[in-house]
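Read the single chain below, which is given as structure tokens and is the form predicted alone.
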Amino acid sequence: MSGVTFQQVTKRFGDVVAVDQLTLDVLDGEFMVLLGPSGCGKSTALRMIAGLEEVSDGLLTIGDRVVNHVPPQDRDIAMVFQSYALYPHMTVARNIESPLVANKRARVDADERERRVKEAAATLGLEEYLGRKPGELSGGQRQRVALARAIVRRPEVFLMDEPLSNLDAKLRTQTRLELVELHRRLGTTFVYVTHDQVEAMTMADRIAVIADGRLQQVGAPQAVYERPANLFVAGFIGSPPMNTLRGVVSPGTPAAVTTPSGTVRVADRGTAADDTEVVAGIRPEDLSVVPPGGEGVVGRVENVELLGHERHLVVSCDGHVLVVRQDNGEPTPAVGETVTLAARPEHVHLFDPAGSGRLN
């Protein structure tokens, strides 16, 4: 097994910088998720690991070997794409076996190939489908065949480029669980690309959040959620995303941020000085409705979203839209009602409105 290291890696397409000085260590045996919006450079980073894109600057290593100029077939990686890319005329067994036949350097004899195919099929629950062709399988089964075709090679690193995006919601949930279990059993390094934060939060050992080709933050999913490094991460991680309000830090103790809609108390102001403009970030679960006249921000309820296990209040506050996550047992204001919202001071995040970096 091997880790993957990016050292100031840049990828240019003409004048366009797709990946900008990426420095990231993917640990041996880790499930690393590259997360970001479409066009952020995450798939380009993955394709550089695979050798499908050349590195413009910097060093890329797999294990202890620099692979900048190593051909894809010599990198000991396996890649699973968004599309299943199966051979329609071949059976499932032949599809799984195909990497061992195509790669002459593998030198795997027929008995060993058969053993590996059966082992990979058993790992992914495909034994009864080995004689079928891809056209006879469901989307989830085809994706499992693509995964089996990858693991049959026993590579040092698995690369996965949004492999669940073509599946429906139920199959995505099921296949997420299968991938996590597969990683536990194999103990191999996984590098997984997605724009879906639910996949990232539920599957990753660590998340690397990327925007505009630059690494924004890397860390365990819960750590990134609880302490976003900047406004982009704060708005991208979380569903609904973090609420934000512009205001000015008021002098005094405890600290507070004064906004046009009211006051937000802050337990830790960090490096935010008195009378400076900041952006206060508050997760929906850290906002609550308080009695009229209480301290907080005042707004109008625009909508109540009923989600079964919880409710979301959508509140307009002086041009800002705030979302409050409520449990079913809490009183629900009516649409059009004016409410006062208070935040938990220990869970209020402060950001620099100019550089967007975290202040506390």
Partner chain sequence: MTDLPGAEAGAEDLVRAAPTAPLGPRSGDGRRRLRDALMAYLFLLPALVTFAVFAYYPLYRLFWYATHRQPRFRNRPPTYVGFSQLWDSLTSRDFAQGLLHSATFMLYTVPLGLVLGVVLAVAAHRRLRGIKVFQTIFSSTVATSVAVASVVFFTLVNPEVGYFRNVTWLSLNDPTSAMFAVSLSSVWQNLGLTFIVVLAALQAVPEELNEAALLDGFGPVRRFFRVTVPLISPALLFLAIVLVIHALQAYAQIEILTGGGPAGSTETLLYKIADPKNIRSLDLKAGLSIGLFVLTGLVAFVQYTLLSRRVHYGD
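Numbering follows the first chain given and starts at 1. The shown structure was predicted, so the numbers you read here are calculated from the model rather than taken from an experiment. We call the rigid core whatever largest set of C-alpha positions still superposes within 1.5 Å between the two forms.
Missing here is the form predicted together with the partner chain; even so, the following discussion is about that form.
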Is Arg153 close to the partner chain in the model of the complex, meaning a heavy atom pair under 4.5 Å apart or at it?
-> yes
Using the partner position in the model of the complex, report whether Pro99 sits within 4.5 Å of the partner chain, counting heavy atoms only.
-> yes
Decide whether Arg144 counts as a contact residue for the partner chain in the model of the complex under a heavy atom distance cut-off of 4.5 Å.
-> no
Taking heavy atoms and a 4.5 Å cut-off, does Pro72 contact the partner chain in the model of the complex?
-> yes
Residue stretch of 228-236, 245-253, 203-211, 81-89 approaching the partner chain in the model of the complex, non-hydrogen atom distance within 4.5 Å | 81-89
Which listed residue (Ala50, Leu27, Val66, Val314) meets the criterion of a heavy atom within 4.5 Å of the partner chain in the model of the complex?
-> Ala50
From Leu130, Val117, Ile77, Leu182: within 4.5 Å of the partner chain in the model of the complex by heavy atoms is Ile77
Determine, after fitting the two forms on their core, whether Pro221 shows a C-alpha shift of 2 Å or more between this form and the one not shown.
-> no
Superposing on the rigid core, is the CA of Pro134 displaced by 2 Å or more between this form and the one not shown?
-> yes
